[in-house]
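This document starts with one chain, in the form predicted on its own, laid out as structure tokens.
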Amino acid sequence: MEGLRPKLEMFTGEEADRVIDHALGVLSKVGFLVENGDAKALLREAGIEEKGARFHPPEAAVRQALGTVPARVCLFDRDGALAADLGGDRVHFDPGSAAIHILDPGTKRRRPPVTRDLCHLAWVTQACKNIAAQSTALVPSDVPESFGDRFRLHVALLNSKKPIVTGTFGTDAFDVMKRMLVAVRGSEKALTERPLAVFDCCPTAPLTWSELTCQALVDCARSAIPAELVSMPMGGATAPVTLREMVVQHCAESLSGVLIHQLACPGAPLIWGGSPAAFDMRHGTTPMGAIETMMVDLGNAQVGKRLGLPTHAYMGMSDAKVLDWQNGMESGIGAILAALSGINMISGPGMLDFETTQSLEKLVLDDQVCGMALRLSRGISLDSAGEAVELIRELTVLGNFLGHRHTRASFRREQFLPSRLVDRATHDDWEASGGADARDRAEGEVRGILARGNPAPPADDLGRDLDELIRAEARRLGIEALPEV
């Protein structure tokens, strides 16, 4: 029997409702811009008032859209097994998406990633026991930018079984990316029943939906593929500097996405997410490890839960450039706070330098942080509550705690037992084993994973189908040669 789940909230229920009310007021009075023709047509057909270039939905229309969003989104791996159940306070982790650099363990400096790095990241993610999903986490520099979105999904499907958080870079990408997912499942019906991927759809702050991201939102809805709203307000730069008003704007931008998405297909799966930042006025940067950024994330997730939606946030990452004290501090704080808030999908393990850089070594270290955060989120079990007095009496009389049946039966369930990456040895044993620090141990762990090769190759026929799809798409775009996957 589980006990009280530890819980962190930024608002009272009444205060969260006021945030939602104010966000609805922003939409009705300020409105939002839409650059996409399909979305404009949906809004006009629904009778949403249009003033100039802005749409001004009434509260009733937005609440009607909210009423059709499913409260739960389940993701399944390549084999069709349940991998993530997004809803309630159930917590899952995935690496963040679309980094344009990778931290090279040899030089300790970032460099442009290539296809080999993307394959390796999928292998490492597959090996991380506490990370539920993979992501198209790197943008490979050895393929044309216009081809990168669909190619990243291709690589992910070939190199890990875990479900994928992905996204489009061009409006023409969604169709072939959907066909890849259907190839894995065998039919569109099977893909709808067992979703394999989530597509990030990001409004532009303040209160704007671009042609690209809005088209992805509509395409996901019409295909019943889960979409993830990722609003990115920057406090003091593209949103108010006060944290509460950042959450209000964040909520308004996400609510506009809910409206468009559900007008395209009522009942389509949707995740309430985000990647806000407290803008650093001194450096002109967007620190993801800032405590204020995390507070806005937590407030936004609480609002999403108040609305009854699955939630997401970019947390558990660092703005450090290497694997140092700052990296561990920011990543650990973010993962723990996100887990205590019951955020359903937490993107960020492996990420450094303002979401621009991935590190395989950080990813395996963060996997241990995720394990600790997941253990914390389970709280203290009450299974032995009825026998506490007798149990302690018996153990005290016998004087043998280590060998007692209760210890043997319970310790693995009660304790998260980290891998060798977390040093819990005596000082003498640590010195005898080489005296390696955490970064050294992580580098060795990654080398071992990569030496074993692809841990989850697809069946031969699926590999051929995916290869044919990506090569046909390359020919369509005039790309003659592709990197080896």
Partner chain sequence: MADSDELFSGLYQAVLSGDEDGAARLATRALDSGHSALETIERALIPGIREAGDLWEEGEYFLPELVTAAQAMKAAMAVLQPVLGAEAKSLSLGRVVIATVEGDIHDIGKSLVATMLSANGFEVIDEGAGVPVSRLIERAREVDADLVCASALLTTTMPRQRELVNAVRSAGLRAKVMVGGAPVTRGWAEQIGADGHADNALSAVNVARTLVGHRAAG
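Residue numbers count along the first chain shown, from 1. Keep in mind that what you see is a predicted model, and the values were worked out from it rather than measured.
Not pictured, yet referred to below: the form predicted in complex with its partner chain.
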query	finding
Listed residue that, although its partner chain is not shown, lies within 4.5 Å of it in the model of the complex (heavy atoms), from Gln326, Ser210, Thr192, Gln126	Ser210
Of Leu363, Val139, Ala373, Ile131, the one that lies within 4.5 Å of its partner chain in the model of the complex (heavy atoms)	Val139
Options 301-309, 274-282, 340-348, 76-84; stretch whose heavy atom lies within 4.5 Å of its partner chain in the model of the complex	274-282
Its partner chain contact at Ser410 in the model of the complex, heavy atom, 4.5 Å	no
Contact label in the model of the complex: Glu145 to its partner chain, heavy atom within 4.5 Å	yes
is_contact(Thr171, its partner chain) in the model of the complex, heavy atom dist at most 4.5 Å	no
Residue contact check: Lys161 to its partner chain in the model of the complex, 4.5 Å heavy atom	no
Residues in 204-242 close to its partner chain in the model of the complex, defined by a heavy atom within 4.5 Å, in order	Thr204, Ser210, Met234, Thr238
